[in-house]
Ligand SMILES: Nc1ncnc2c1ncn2[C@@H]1O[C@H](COP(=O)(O)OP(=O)(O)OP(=O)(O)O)[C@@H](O)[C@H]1O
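Only one chain is included here, represented as structure tokens and corresponding to the form predicted on its own.
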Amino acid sequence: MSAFLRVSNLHVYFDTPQGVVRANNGVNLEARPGESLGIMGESGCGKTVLFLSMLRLQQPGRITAGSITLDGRDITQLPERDVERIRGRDIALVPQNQATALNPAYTVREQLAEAIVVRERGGSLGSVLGRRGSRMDGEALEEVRRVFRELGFADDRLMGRLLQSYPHELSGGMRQRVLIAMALLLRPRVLIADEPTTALDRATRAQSLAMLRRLNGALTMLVVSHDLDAIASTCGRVAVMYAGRIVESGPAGEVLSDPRHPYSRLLISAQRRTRGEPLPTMFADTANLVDVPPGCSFHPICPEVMPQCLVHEPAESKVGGVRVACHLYDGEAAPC
């Protein structure tokens, strides 16, 4: 099955007083219809810039090269009016911070109604925010109930209380459920879940992951997370990102059980260590995206560095079912 969402050689740069930050530095990524793809990597690796670029919200960053193609249309080349139609209705985002993502001045009912107005009449959420009198008719209310039932919330009595509540009256898990429902009411073809387990307790975290699993196959889903278990339990494929580039991608079971890239090995082993076991040693801070070294960007701290790593940037090659950008596989891999 061909890719529905494809990112090709994407470069996104930010101008700063310290120099140009290469937040995305040649990203290649693809997702097929109905696929759940996990994107993982340390803070500062470029994950957030990547998904914001899919919505053309990466400003003040500049897309300097590459393309982001959704169902054959290059989003990077579309006028703002067309991109506004894509946001929410084609690609919906469930933001990381559920505590601040909802408007505190409006009830849940009003904010869900706004999502339906955007879907039916166009415009952005901001353009309809002032329509406080937005009402849900019987058909819209039934759609809201159906969406919440799909997310595992079927109690009609509690539903009534939820719709009349303000965001501050809800638990973190319930606010996140509202955000997911709001995104689904827009009927998107791609759903981006940014750090869906952040700041949630163990029970609420399990509920959130169960909600995401319920969506598998219904739409294309990107789960952006540091949480290895969240990726493993919700995604069929995974992409590992380092220093603005995807260094490894493939079936989740294969990448997570037998990572090829040295960075992937360190990242996964750090999360899977048992209590009392020392962390893998890495003598460096987060990759410097202003002063990117020549060759492989991971070579200054790579435990398996070779002479060519200091000079030549590795091409992406295919090893089994996995794509990996590493000189370790130059002699045994097929170029992609």
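Source: prediction; values computed, not measured. Numbering starts at 1 and follows the sequence shown.
The following text describes the form predicted together with the ligand, which does not appear among the structures shown.
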| property | result |
| --- | --- |
| In the predicted complex, segment of 65-73, 38-46, 296-304, 264-272 with a heavy atom within 4.5 Å of the ligand | 38-46 |
| Touches the ligand in the predicted complex: Val21 (any heavy atom, 4.5 Å) | yes |
| Exercise: Gln207 in contact with the ligand in the predicted complex, heavy atom 4.5 Å | no |
| Glu143, heavy atom within 4.5 angstroms of the ligand in the predicted complex | no |
| In the predicted complex, Leu289 touching the ligand (heavy atom, 4.5 Å) | yes |
| Listed residue (Glu110, Glu254, Asp90, Glu195) with a non-hydrogen atom within 4.5 angstroms of the ligand in the predicted complex | Glu195 |
| In the predicted complex, residues of 163-191 near the ligand [heavy atom within 4.5 Å] | none |
